[in-house]
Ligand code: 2AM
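Encoded as structure tokens, the following chain is the form predicted on its own, with no partner shown.
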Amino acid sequence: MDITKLDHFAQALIKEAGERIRSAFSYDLVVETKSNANDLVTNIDRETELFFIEKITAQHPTHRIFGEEGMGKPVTFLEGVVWIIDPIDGTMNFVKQHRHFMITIGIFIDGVGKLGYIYDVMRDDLFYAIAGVGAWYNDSPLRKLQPVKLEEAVIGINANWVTPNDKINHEKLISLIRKVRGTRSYGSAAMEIAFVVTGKLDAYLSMRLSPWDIGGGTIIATEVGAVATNLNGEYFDFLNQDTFLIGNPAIHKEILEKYIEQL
């Protein structure tokens, strides 16, 4: 497998998909709901996923595609080459704001992440990594993360998790929020991961993410020294939903041990 050639192919597809999405704002979006009223999908999500499926299959017929919208064949194992794709991560932002949404892709070979991409469509910014080689923001190499103290950290967290819920001890999360310097919530897991790997955030956690939300980001994370696990400190399950924490290595363990108590 020529990883460099595959990387060039993936980047070209991502940029072309981004152009298609930007041009889509010139006509009406068709917005539907999925699991609940806040879980949105648009015709552009589906069209973009089909674009990737058609292009990848034409060039690499043995590759399999695991996408959020389920437009391809079911994926139940990670042997071979698997593309884990979210055509628009942050659909609510896409619909409401026309910005702050990402294309994110992770390419796995026999279950190991090899190529990771997070593309900010409206800013034309690409974060990407080649496993074992490095990570980049557009054409600039990303540096290893520098240590940070928890009290100086800014973390990404959805406000839902610090109100009473059946997933996590929200009182401990309130203690975490009081400890850190600040919190942010951007409405796109991929965007928050991009901020962690570039040091704009120092950690991000969620009770429920899917493989396509983080497949690309975890590959980039490894290359800059960030630690990405579920909330049990274990490797994320890339075939099912799981909890998630990505953080600067100086604070990842401290957050898990002192402030995380799942219910």
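Counting begins at 1, following the sequence as shown. Quick caveat, the model's predicted, so the values are computed rather than measured.
What follows is about the form predicted in complex with this ligand, which we do not show.
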Interface membership of residue 208, this ligand in the predicted complex, 4.5 Å heavy atom rule: yes
Contact test in the predicted complex: residue 134 vs this ligand, heavy atoms, 4.5 Å: no
Any non-hydrogen atom of residue 72 within 4.5 angstroms of this ligand in the predicted complex: no
Touches this ligand in the predicted complex: residue 113 (any heavy atom, 4.5 Å): no
Proximity to this ligand in the predicted complex (heavy atom, within 4.5 Å), stretch among 125-133, 82-90, 164-172, 139-147: 82-90
In the predicted complex, the residue from 118, 107, 155, 189 that sits within 4.5 Å of this ligand by heavy atoms: 189
Any residue of 120-143 that, in the predicted complex, places a heavy atom within 4.5 Å of this ligand: none
